[in-house]
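Okay, here we've got a single chain as structure tokens, the form predicted on its own, with questions on binding and movement later.
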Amino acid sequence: MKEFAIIGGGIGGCATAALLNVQGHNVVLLEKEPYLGGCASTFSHRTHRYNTGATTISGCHEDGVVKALFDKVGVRPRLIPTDPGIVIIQGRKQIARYSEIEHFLSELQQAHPHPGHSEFWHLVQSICEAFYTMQMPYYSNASVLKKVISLFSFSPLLKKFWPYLHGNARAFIEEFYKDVTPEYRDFLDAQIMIVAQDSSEKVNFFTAALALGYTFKQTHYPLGGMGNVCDTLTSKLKDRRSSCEVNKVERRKDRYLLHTAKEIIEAENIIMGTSHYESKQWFEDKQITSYYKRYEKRNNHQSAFVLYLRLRSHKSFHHHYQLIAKEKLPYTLSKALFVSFSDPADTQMSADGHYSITASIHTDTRFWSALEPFAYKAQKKSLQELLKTWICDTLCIDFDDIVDAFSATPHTFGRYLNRTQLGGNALNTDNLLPFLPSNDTPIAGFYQVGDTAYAAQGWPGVVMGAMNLSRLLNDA
């Protein structure tokens, strides 16, 4: 019998498996697809490799939580630094987000001149610096007492950042600048949305500052694709099983039974590396299904439409772009498209003279779920062509150089990843920490990691959750 069985080989599942393994626990990691990574996986299509969704890693700087994870596990993924971390294009304006703040500010002043930029962005940078040097608070939901005790660990954070934790970021920004143009507001909102999964109207300024400031710390490109990072992270794991789908989980008095097509796996504890909103399907146990039902109202149905392109070109491109339109695009929730290019030297991702491109935009699962098959295909094709045209026109790409193009909707992700909602819990004012799920639960031996549990989205947020769970298990 296994001590821990982890369902789902996304960032959370891989990080947790690696941490527990290095601590000497008997762990099995189970992933239904042939490759690890989930939303951060890399797959092959017609001899080319593509990143499923996530394309960049932050948190690998010297004091970063992701680097701390790699150090604890004793692995070193193949990463190269990216600077600028992202290039933002609004019409004819182009702003590179360089890690050196003065370099970035000179670009910003040319595109959106304002005397308040230096003070504002140095404030953003100082908040990020102060946060990254703090000891991370922990969060428990195993009982009311444990939750209250864990919330006291947030006292230093509350004390330090209190002026930026109440109210919303948009009001703070408008008060700070006095005169914010709609175009500059779109510039800020597009970047906040990447990390916080919501606009400045819905998040506090502390959250907005962390979202806006992540490029001041070095970001990285994963050689061979994002999935390679998950493979490296779990490389010391003795029992990791891909193409192993769990169909049902039974809860017994002292164990859990995981039913797969080939066998039944017994484990003392189970860790779900899945979404809170789509995990009831594995269980019949009333206490577990009631637990998931409690958080259904947190589901914002937010997801992604992703366009995958193979480009034949010897032109030079940055690793990451964000294109911002004047109006929200049809069938989406956003004006902004995030476009990532493979590194030209990364022949594992794409043959010499070719690029692998992943471009994503926020959408709502309900824009796709009720459509008849014909309407679904037509809507998918329409948005795919719209985004492809936008990318080609903006980045001066010849249509004839696009060798392959295909796309994924929330329905696609549901089929492959067992989840249609992507991005986890938005870090907005409706999702205050005491009401969010932790990595532990009131149910004995039942735990959760991933972007719908503490702490947040992306590599840093999900890794914080894995480390939080590791601490809770060690303190138990």
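Sequential numbering from 1, following the sequence displayed. Everything quoted here is computed from the prediction, not taken from an experiment.
From this point on, the text means the form predicted in complex with a small molecule, which you will not see here.
Stretch 237-245 is the answer when you ask which of 374-382, 174-182, 389-397, 237-245 has residues with heavy atoms within 4.5 Å of the small molecule in the predicted complex.
Though the partner is left out of this view, Asn21 does not reach within 4.5 Å of the small molecule in the predicted complex, counting heavy atoms only. The shortest heavy atom separation between Gly225 and the small molecule in the predicted complex exceeds 4.5 Å. Contact annotation for Tyr416: at least one heavy atom lies within 4.5 Å of the small molecule in the predicted complex.
Although the partner is absent here, Asp451 lies within 4.5 Å of the small molecule in the predicted complex, judged by heavy atoms. Site annotation in the predicted complex: the residue of Ile265, Leu333, Ile88, Ala304 reaching within 4.5 Å of the small molecule with a heavy atom is Ala304. None of Tyr256, Phe187, Phe341, Trp282 but one reaches within 4.5 angstroms of the small molecule in the predicted complex through a heavy atom, and that residue is Trp282.
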